[in-house]
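Only one chain is included here, represented as structure tokens and corresponding to the form predicted on its own.
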Amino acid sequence: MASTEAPAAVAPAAATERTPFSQHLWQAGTVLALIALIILFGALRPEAFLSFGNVRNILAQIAILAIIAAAQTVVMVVGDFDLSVGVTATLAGATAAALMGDGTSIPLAILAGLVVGTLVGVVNGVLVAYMNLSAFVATLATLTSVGGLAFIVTGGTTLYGMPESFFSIGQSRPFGIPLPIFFAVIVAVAVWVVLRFTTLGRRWYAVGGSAEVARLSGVNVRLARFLAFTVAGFLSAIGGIILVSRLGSASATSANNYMLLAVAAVFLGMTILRSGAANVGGTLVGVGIIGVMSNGLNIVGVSTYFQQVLTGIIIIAAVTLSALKSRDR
């Protein structure tokens, strides 16, 4: 009996010795990738890349992406997917711009944009949570419809003529730091607090882990998924309105490209947690990787077309790493 019990006693000990190393390796990979990119571009063009002005530019460029990626994070925490975050931001910004162009006050125009974005999230939530449609199919349909609405709102042209005071939201620099960075930090902290410390956040993670187990535990799965999409619509609208203020104009496609970048950022960030779940901290690291890579490639003179290819490769790599981490777990 002793000879048969000894191996069983040794095997778990060996497993406990190996597991932490593999977990730390997975979790550190994304952060190490960000550090490696900073070192690489810093070595190639130190006078340009590492300057204070360029660091400030990187942070300003990724501020909007951080907000929209936070919206995508909320949806992916519950195990769903939202293809419409980019067009939702576009429509919200275009709505606010169109109203201000017609003489509506800035607060009312911003409120209208936020309501429009939230309503898009509500529609997504109803389709996915209560009509049991696939999140991919439902948000793909929303993407198409909302994209069409954006063209209707803008008339297919670029909107100008907003009040000068509105531009301060996206262009002012208190303490020398672009204001959108502060908005991004506020949104990220708010989402982190909700996910980490509130009952709603714990329910979202429970649904994302196993909807059936969450339901048997007393969680209203449908309501949780509905609220996740609604919050994502609201956050996307914030990003879209800030983007319009920063650009000084609004078009029917101004924020559409942010969807793919947000997806890549969230998938990159999912490798940081041991559970492999979406999380705000990891998403911000993913946003940092995308921002540093884009800025660094621009500085060294790489074509924007090649950057699009790299973005696709990053998405594939992020999804692959996330899948491998789940399988390893």
Partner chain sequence: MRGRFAKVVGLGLASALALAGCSDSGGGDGGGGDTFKVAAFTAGYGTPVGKSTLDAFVDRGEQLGWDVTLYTSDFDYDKINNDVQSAVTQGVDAILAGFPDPRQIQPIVTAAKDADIPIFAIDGGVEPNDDFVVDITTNQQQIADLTVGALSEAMGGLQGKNVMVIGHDPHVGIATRSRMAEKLLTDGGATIAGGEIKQVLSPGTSQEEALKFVTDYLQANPEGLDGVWVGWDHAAVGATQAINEAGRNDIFVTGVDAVGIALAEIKKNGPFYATVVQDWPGVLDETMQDMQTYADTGDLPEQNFVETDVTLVTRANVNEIKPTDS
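Positions refer to the first chain, counted from 1. Note that this is a predicted model, so its numbers are computed, not measured.
Heads up, the form predicted together with the partner chain isn't pictured, but that's what we're talking about next.
Looking at 293 to 301, 34 to 42, 277 to 285, 264 to 272, the stretch with residues near the partner chain in the predicted complex, meaning non-hydrogen atoms within 4.5 angstroms, turns out to be 293 to 301. Shown alone here, Ser168 lies farther than 4.5 Å from the partner chain in the predicted complex, counting heavy atoms only.
Residue contact check for Thr30: none of its heavy atoms lie within 4.5 Å of the partner chain in the predicted complex. Contact check for Thr230: no non-hydrogen atom falls within 4.5 Å of the partner chain in the predicted complex.
Within 4.5 Å of some heavy atom of the partner chain in the predicted complex lies at least one heavy atom of Tyr258. Of the residues given (Leu195, Leu127, Leu99, Ala206), Leu127 alone sits with a heavy atom within 4.5 Å of the partner chain in the predicted complex.
This chain is displayed alone, yet in the predicted complex one of Thr199, Ser217, Ser105, Thr157 has a heavy atom within 4.5 Å of the partner chain; that residue is Thr157. Residues Ser249, Ser251, Thr253, Ser254, Asn257, Tyr258 of 249 to 263 are found to place at least one heavy atom within 4.5 Å of the partner chain in the predicted complex.
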